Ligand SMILES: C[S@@+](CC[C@H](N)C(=O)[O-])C[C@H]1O[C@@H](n2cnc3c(N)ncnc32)[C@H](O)[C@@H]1O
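Before any questions on how it binds or moves, here is one chain, the form predicted alone, in C-alpha cells.
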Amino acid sequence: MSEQIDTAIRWGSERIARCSESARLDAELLLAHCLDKPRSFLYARPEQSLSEASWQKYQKLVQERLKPTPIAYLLGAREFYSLEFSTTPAALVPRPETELLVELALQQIPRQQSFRICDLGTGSGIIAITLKTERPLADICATDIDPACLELARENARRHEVAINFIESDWYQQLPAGLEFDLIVSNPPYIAADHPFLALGDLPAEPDIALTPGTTGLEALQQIIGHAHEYLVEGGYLMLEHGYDQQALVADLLENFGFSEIRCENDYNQLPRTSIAKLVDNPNPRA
C-alpha cells in the first residue's frame, strides 16, 4: 500500500533537512507539485493515499533536492513580484532581494509616457518583464550573453504577454549603435570567485556565470558603470544590485564616471543592496 500524504511529508522533511532550513515547506511544495494540487490540498486530505506513480515521482524529487537542487528548478517555476516565472538551471533563481531593484526602478518610470530602459544580464527576464507589466508604455530591451537564458526570458515574456527586445550581448557590446536609455538596470554577478559563500546552500547548483564575474567580484559592476555614460541620456539613471559589502566601492565608481545623487537602499534584511545614481555630467555625450 502506498504512503499517505502526511507520512510522505514527514518522510520528505526528515531527508530534506540535511540541505534546507525550510525542509517541511520544501517537502510540501514537492508533493503538491507531484499531485498537481495546491498546498492547501495537503492540509485538507492528510490521510489520503498517494498513487504509486505520485509516490515514486515524489521520492525522485526529494533525492534531487538533496544534491542539492534548488526547489525552483525542481518545480520549474518561482514567484517574483506576484508574478510566476518559469525557471531552469540556465538562469539564477529569482530572489526577493531583487524585488527592491524593481520597486526602485518603478519609482523612476512614468506611467503615462514612453521611457527607454535597458536590463543588462536579464537571466530569466524577471526584471524586464515585471517592469513592462507594471509600466506598459515603457520601451524595454534586455541583454544576456547566454542564449539559453534568452530562450527562457522569451518564454517568460510570452507567458506574461509583454513585448521586449531581447539581445544576445556581453553587457553593452552587441547593442545596436545609437541606442540611448533613460534608465539602465542590472543585477549582475558580484560574488568573488573564491568566496566561501559560493559553496553554501543551493548555490553550487546555480550557474557560475550568474554568480561570480571573477577574482574581485567587482568586474561586471566596473564594466556596467564604466560604459553606462555611452548609453544613458544626460539625466538618466543607473540602478544596480550588488553585494552588501560593496556599497562604498560602487559609490566611488559611480562618482568617478560622472554620476551624482548617488544613494544606496537596504534590502529586506536591512543590508545595503541597491545603488542608484543619476548621470548629470556625461563625459562622452552623443553628438
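A residue's number is simply how far along the shown sequence it sits, counting from 1. Bear in mind the structure is a predicted one, so any value in this text is a computation, not a measurement.
Absent from the display: the form predicted together with the named molecule. The rest refers to it.
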- prompt: Is Gly217 one of the residues lying within 4.5 Å of the named molecule in the predicted bound form, judged by heavy atom distances?
  reply: no
- prompt: Though only this chain appears here, would Pro89 touch the named molecule in the predicted bound form if you measure heavy atom gaps against 4.5 Å?
  reply: no
query: Hey, in the predicted bound form, does Ser169 get a heavy atom within 4.5 angstroms of the named molecule?
result: yes
message: Even though the partner isn't displayed, in the predicted bound form is Cys118 close enough to the named molecule, meaning a heavy atom within 4.5 Å?
response: no
query: Just one stretch in 139-147, 70-78, 197-205, 109-117 has heavy atoms within 4.5 Å of the named molecule in the predicted bound form, so which one is it?
result: 139-147
query: Though the named molecule is not shown, can you say which of Ile209, Leu100, Leu83, Ala193 has a heavy atom within 4.5 Å of it in the predicted bound form?
result: Ile209
message: Suppose contact means any heavy atom within 4.5 Å; which members of 122-138 contact the named molecule in the predicted bound form?
response: Thr122, Gly123, Ile126, Ile127
